[in-house]
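Next up: just one chain, as structure tokens, the form predicted alone.
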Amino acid sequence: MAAVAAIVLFFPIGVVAASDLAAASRLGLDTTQGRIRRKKASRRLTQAVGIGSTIWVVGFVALIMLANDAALTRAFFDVEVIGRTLPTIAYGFMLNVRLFLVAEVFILIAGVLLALLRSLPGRPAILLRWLTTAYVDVFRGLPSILVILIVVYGLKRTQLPLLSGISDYWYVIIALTLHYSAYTAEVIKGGADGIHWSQAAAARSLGLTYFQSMRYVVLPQAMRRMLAPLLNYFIGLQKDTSLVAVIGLLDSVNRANVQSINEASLSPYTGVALCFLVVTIPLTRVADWLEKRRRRRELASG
């Protein structure tokens, strides 16, 4: 079956792979030459499937793009429209970037605090642990857009003394902090729990308090394990800043809506996608690199 699939997907290499499989069967898999031909066939099968799948996918996408007199291409990939609207969209995207960077600072601070409170030892801290757990469970269970709507429209209507004079920008920062700090707290707590208990016990035996032992001993060691998961959550945070379009802030999505109407084209949305991809793809590659480096270090250390 694998040989047939390889031949269908990419005939030249697939035929060679099938020939190697036949030769391996004739020589016998218990012989040295048979095993060598089997390995060669396996490599060529993988190569044929990879190349063939790529060609077929690219061909299918090209067919879709050219179908119906290239309607999809003209709708979403009008280069002239993208060129005219991209500067305005990029200016709105700077609002998304500011939201991401500012919220990230508050999320890290709140996430560390929540993680420390969830890990407080002893019976006297049981109520604090319960309250923190309830907070994490609630905000992890709510959609991001719902938290934004509740905070922006709900808190604004309450006219609380400390919050009555702030702009929608800061309401969104509060909403993103409430939502993503719950996820961040779980990542930090998981990283801290992965450090052997003897590290914290040794720090406490030297006279350090719980918070001091976490600050100077546990968290620095756990940081290597937390970097990649935290970066993945921050990639999600970057994308969720686009949700501010529902409350009317002129971010990249709202500006793309306006430009789409003015240009009678959907290509401005492609400009928004390009803006987000420029940020998220490098961050994703960095997260993958950090995770691979962590695994190599763990394997090297035994």
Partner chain sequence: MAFLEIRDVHKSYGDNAVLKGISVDIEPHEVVCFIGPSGCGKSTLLRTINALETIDSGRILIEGQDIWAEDSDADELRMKVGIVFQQFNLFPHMSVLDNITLAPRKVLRLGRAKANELADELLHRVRLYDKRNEYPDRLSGGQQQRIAIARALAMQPRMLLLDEVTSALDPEIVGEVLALIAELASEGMTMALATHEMNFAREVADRICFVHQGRIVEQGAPDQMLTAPNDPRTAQFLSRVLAVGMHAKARKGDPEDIAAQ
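Residue numbers count along the first chain shown, from 1. Keep in mind the model is a prediction, meaning the values are calculated, not measured.
Just so it is clear, the following notes concern the form predicted together with the partner chain, a form of the same protein that is not shown.
J.: Work out which of Ile126, Met223, Ala202, Ile150 lies within 4.5 Å of the partner chain in the model of the complex, going by heavy atoms.
T.: Contact check passes for Ala202.
J.: Report the residue, out of Pro121, Pro143, Pro87, Gly207, that has at least one non-hydrogen atom within 4.5 angstroms of the partner chain in the model of the complex.
T.: In short, Gly207.
J.: Decide if the three candidate residues Ser198, Gln212 and Tyr216 all line the partner chain in the model of the complex, where lining means a heavy atom within 4.5 Å.
T.: Checked in the model of the complex: all three residues contact the partner chain.
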